[in-house]
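Single chain ahead, by itself, as structure tokens, in the form predicted on its own.
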């Protein structure tokens, strides 16, 4: 192990010797190391287990309730309500299932169109396709990295018509049923602006808050501005259940339907197996909830650490010409799930060199997701012009963001 670390260090040193002159790659490495220290390799995002994970998992095992019912699920959902302020929280197997259930409960059906950002993780678009619906890709704004309400409003005014059947795409004739903004890297989208657009065109608003547990918009936790919102607890999220997700909702009737659909649409009639419609086996296992319950207890510490890490990155990159650190939008409190920098447009061509250099040195960085309209499954989907999303795609780099990195130079 020691020899392997020495060999890795030699490779690092030899590679750095090739970074002569002023290069953004060299300055990026220096800026990142000034924040996280010399440790290598360092992952993009790792979970931290420093609470009662073992205790709650043992309680779960001792009880024998390890599957899709049990006290840990109830405790986990209760904690989510306390953290978010939502009226209902329904735990499910993952964030994609949460999106799918939310779309179904919102009435999205076959051949409907759903507005989603082109700049998002593929799960947002996949969940729309699971309903037999069609993603309709919209542009983002650099300020929030989320959907751009002003540009979207003008686009919809120019390309749609309203009538008794709702808003329809004039080019396809299909109904546009819903809008799913995503809070990119934990930075809240412009929810007031997007809610106004949704109301003008009669669209159901569903928040994809998979990356934003703990983020706040105008003082309120995200996920409380639409009919439904979704969370993810994947292994790389600020809080993890291993694999898992949840749906937040303030409407009693809609929440009841979501829980019913996610429990195979089985009717509570004693021992009878009566299912009144097609349902989904999307329930979170009690074991996962036990892990998540302990993680939620540490959420305030994780948020504080990640915000401190973001401040250090912001300071480090303030001295690097050609790169700017992505800060939380005004009026919001972001968890900075993944820290990010944007190259100035004239330096965009150096993005891949930075990615290659940092990863070769054991500092895991990555570009933003490939825009949805470039993926084979979604190339024929409707879309507006996407100049901002395409610019962000070409210039953004994510940096190591694990909460424990905040203590590197504390």
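Residue numbers count along the first chain shown, from 1. Everything numeric here is computed off the predicted structure, so don't read it as measured data.
What follows is about the form predicted together with a small molecule, which we do not show.
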Candidate site 141, 186 and 217: all three near the small molecule in the predicted complex by heavy atom within 4.5 Å: no
Among 277-285, 290-298, 102-110, 123-131, the region lying within 4.5 Å of the small molecule in the predicted complex by heavy atom distance: 123-131
Partner-contacting position among 232, 334, 339, 229 - heavy atom within 4.5 Å of the small molecule in the predicted complex: 232
Please pick, from 182, 86, 323, 194, the one residue with any non-hydrogen atom lying within 4.5 angstroms of the small molecule in the predicted complex. 182
Considering only heavy atoms, tell me if residue 237 and the small molecule come within 4.5 Å of each other in the predicted complex. yes
Can you tell me whether residue 79 touches the small molecule? I mean in the predicted complex, with a 4.5 angstroms heavy atom cut-off. no
Quick one: is residue 223 in contact with the small molecule in the predicted complex, heavy atoms, 4.5 Å cut-off? no
Distance check, residue 210 to the small molecule in the predicted complex, heavy atom within 4.5 Å: yes
